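Coming up is one lone chain in structure tokens, specifically the form predicted alone.
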Amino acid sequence: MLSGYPEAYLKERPRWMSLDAVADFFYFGFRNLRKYLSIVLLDMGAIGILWLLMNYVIIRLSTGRIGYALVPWWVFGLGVVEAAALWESFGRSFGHRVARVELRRTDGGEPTATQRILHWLLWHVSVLPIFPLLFIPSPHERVSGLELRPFTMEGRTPKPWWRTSTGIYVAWLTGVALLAAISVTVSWEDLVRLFTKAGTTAKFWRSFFSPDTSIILKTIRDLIVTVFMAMTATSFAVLVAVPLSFLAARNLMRGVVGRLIYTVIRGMMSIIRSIEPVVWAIFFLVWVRVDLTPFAGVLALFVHSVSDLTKLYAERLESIDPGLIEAIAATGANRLQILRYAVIPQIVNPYISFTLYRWDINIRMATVVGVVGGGGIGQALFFYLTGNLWRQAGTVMLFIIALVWAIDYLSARLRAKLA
């Protein structure tokens, strides 16, 4: 010890004054802040959606107008915040379930009513200002003696879903969403006409069951074109989708470059798949020559099939047994040998099954594509319907029904043999 200096001056600085302590405070504080804010935002979003749907249903059914607000927006905001506070303090909220946590005492016991009330009251001064959440434990947890702990069912009897707060919420949301959907798509006039105007379709049904035999040969030719359209689109789609599926499988595309390729391909396939084949048919009708209308339909089905099959194939690749891959790799096999002996044998039958399923879809989709001028039986059906030629339209529909039933039966039998 240096002479002339008190001992206290030579001691180390307190822990809380060090740079490490400050760094730890902000690191763990921001983790705590992120955890709480994600839960709160999820709960507020869930409550806000339910409230808006309820308002919509009430306004729609009572006035026939479209509206979302029965109260001023500031009241709506306060109500959402208060409902989130109550839900998180007196139940296991939607955010709690997503985060897989629950509110418990610090000793692991069940919270008392007093502790829940304290937690709810102090939630407003701890969560809403946000910055108190940097402290661990947060002020409302410290005072109430409660904390968020990982949820476990050990030593408990599961409650029926209708006795949980989240179950009640989901039931309400489902019911209100169904009412909103009905109010948008169905009116009282529609229901009246449904039960009183059935006789207006008698002409159609008479024509449907009295086909025009003079167009049978032409209809069969159009039907063959439709089958060939689906076959061509599916066959070429498989040639493109199989290699793309290996690049779109998360378990095979590793590293920075691999994940970039995986993300780009999955994103592109999602965008292409979200556009309906009918829209693609219109696009290709503008692109290719008018007298090659079946080609436009084939291109539309091809593009949509590539995106769909790539997704199906890639998801099957992601679910293969990794044990077989590790066993083959342990023998010193290279990457191509692993693909040949460990990956391909696991995917051949599922790939064939998915291809047959997509061909089945393309048969039916080719009819719809033909309606906008994409060729095949759908184009003939559209021509007869627009010309009010009901007997001819009925003849075409009977052939379409027979074709779809036969292809569906054949596809199902083949997929069953591959299972």
Partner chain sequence: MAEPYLVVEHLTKVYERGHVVALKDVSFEVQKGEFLVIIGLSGSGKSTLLRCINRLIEPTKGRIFIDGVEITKLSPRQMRKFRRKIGMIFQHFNLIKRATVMTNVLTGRLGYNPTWMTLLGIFPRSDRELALKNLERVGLLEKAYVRADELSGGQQQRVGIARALMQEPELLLADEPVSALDPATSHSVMQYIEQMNREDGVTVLASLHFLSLARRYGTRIIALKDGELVFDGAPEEIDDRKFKEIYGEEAEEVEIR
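Numbering follows the first chain given and starts at 1. Remember, predicted model here, so these are calculated numbers, not experimental data.
Just so it is clear, the following notes concern the form predicted together with the partner chain, a form of the same protein that is not shown.
Would G323 show up as a contact with the partner chain in the model of the complex if we use heavy atoms at 4.5 Å?
-> Answer yes; at least one heavy atom of G323 falls within 4.5 Å of the partner chain in the model of the complex.
Examine G175 and determine whether its closest non-hydrogen atom to the partner chain in the model of the complex is within 4.5 angstroms.
-> Contact with the partner chain, no.
May I ask you to check whether I401 falls inside a 4.5 Å heavy atom distance of the partner chain in the model of the complex?
-> Answer no; every heavy atom of I401 is more than 4.5 Å from the partner chain in the model of the complex.
Y341: heavy atom within 4.5 Å of the partner chain in the model of the complex?
-> Yes, Y341 lies within 4.5 Å of the partner chain in the model of the complex.
Tell me the stretch among 180-188, 207-215, 97-105, 332-340 that has any heavy atom within 4.5 angstroms of the partner chain in the model of the complex.
-> After filtering at 4.5 Å, what remains is 332-340.
Though the partner chain is not shown, can you say which of A327, I272, V143, A171 has a heavy atom within 4.5 Å of it in the model of the complex?
-> Of the listed residues, the single hit is A327.
Among N251, S235, T263, N349, which has at least one heavy atom within 4.5 Å of the partner chain in the model of the complex?
-> If I apply the 4.5 Å criterion carefully, the residue I get is N349.
Does any residue in 28-64 get within 4.5 Å of the partner chain in the model of the complex, counting heavy atoms only, and if so which ones?
-> Going through 28-64 in order - heavy atoms within 4.5 Å of the partner chain in the model of the complex - the hits are F28, R31.
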